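Okay, here we've got a single chain as structure tokens, the form predicted alone, with questions on binding and movement later.
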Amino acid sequence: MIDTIEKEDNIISEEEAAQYDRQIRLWGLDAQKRLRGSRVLLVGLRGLGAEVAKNLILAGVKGLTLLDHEQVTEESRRAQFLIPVDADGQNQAQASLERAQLLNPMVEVKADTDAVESKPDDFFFQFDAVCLTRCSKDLMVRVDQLCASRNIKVFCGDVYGYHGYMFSDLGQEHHYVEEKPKVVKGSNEANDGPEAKKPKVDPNETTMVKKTISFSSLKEALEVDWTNEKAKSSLKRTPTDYFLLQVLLKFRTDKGRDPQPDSFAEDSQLLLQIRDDVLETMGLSSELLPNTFVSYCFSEMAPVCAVVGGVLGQEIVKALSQRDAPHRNFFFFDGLKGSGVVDYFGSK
């Protein structure tokens, strides 16, 4: 059953109808009402966070909270279009607020300068969706488990040089509707022949089909048992970016930061060592991730942020509006190949 928004302010005003006319035509009034009643927490206001913020604000969510405790640096604003060039030293969320709000005055945009690690459990319960960028693996797993208990949608994402990913956990039962071409029953008249009796697809008519899909937790998705025969058999089809993500998350855990261009030589050697350790722990060969990966995973690249941020923003909109099939549950983008792939990891 598709949820309905039971809130006093879910009525779309004439001004909002004019503002969102194009997307109401695209995904319908009910979907826009669900967006209009949704509040989202976005953690991390670097390049990827700016792209996601832009997409959610323009889509017309009710409220967006920008959470980031870090200060603006020349490096952090290279791929971040919401931060003014003269904002070095300011808080990243606060520096992004003015331009973010100007994108759509109908959305309540707030800045929170606290560290996400300091937030109590019940802080996350006020939101309908939580999007985590630039967070540690342990924090993402913690928030995902907390939100699962309250049926809050969780999204994670990051950009590392030419590579980027997004993950979604929409719970054990995510309901949505999908528009399908209408099937017209064949005629039963005897003169029509057997071909006429077969069901036909009418491209000019569509119908809305209700569907339900289940998701895995982030913890399960990142802790696949690769010694299992079924997992082994799928290894050749597994994107190498899945293992690259594991390496980069381990680097972030160990160093408390991501690989930095100004320490390229040192960080490259550390990445190779972590690669060997991570894959050995999984029972896999280090050849799965060739040494050349270290040349392409430093800093944020604006074009990659735009692609991954577009997909991530789209998936949040789809989940909140309950319209169209969501990506289940990882999307990986490889800027070197100029392509992305959706794959599922975790319990079925």
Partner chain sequence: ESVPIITNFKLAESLSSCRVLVVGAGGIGCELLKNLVLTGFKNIEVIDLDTIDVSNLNRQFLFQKKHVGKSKAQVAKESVLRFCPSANITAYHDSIMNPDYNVEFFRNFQLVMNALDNRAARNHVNRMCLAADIPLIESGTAGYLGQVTVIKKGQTECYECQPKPTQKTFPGCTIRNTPSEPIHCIVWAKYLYNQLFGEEDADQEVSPDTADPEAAWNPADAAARATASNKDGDIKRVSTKEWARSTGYDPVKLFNKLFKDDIMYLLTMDKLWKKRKAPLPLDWTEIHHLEFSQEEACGTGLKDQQVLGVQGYAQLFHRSVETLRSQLIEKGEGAELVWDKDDPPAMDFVTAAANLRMNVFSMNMKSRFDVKSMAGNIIPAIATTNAVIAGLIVLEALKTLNSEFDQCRTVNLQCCSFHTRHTVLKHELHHVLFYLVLFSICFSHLV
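Since the structure is predicted, the reported quantities are computational estimates derived from the model, not experimental observations. Residue numbers count along the first chain shown, from 1.
Missing here is the form predicted in complex with the partner chain; even so, the following discussion is about that form.
Picking from 110-118, 172-180, 143-151, 218-226 the stretch near the partner chain in the model of the complex, with a 4.5 Å limit on heavy atoms, gives 172-180. At a distance threshold of 4.5 angstroms between non-hydrogen atoms, T65 is out of contact with the partner chain in the model of the complex. By the criterion of a heavy atom within 4.5 Å, A79 is counted among the residues contacting the partner chain in the model of the complex. A residue is said to contact a partner when one of its heavy atoms sits within 4.5 Å of a partner heavy atom; D122 fails this definition for the partner chain in the model of the complex, lying far away. Shown alone here, G310 lies within 4.5 Å of the partner chain in the model of the complex, counting heavy atoms only.
Contact check for Y165, T240 and L289: none of the three has a heavy atom within 4.5 Å of the partner chain in the model of the complex. Of all the residues from 295-333, those having a non-hydrogen atom no more than 4.5 Å from the partner chain in the model of the complex are S295, Y296, F298, S299, M301, A302, P303, V304, A306, V307, G310, V311, G313, Q314, K318, D324, A325, H327, R328, F331, F333.
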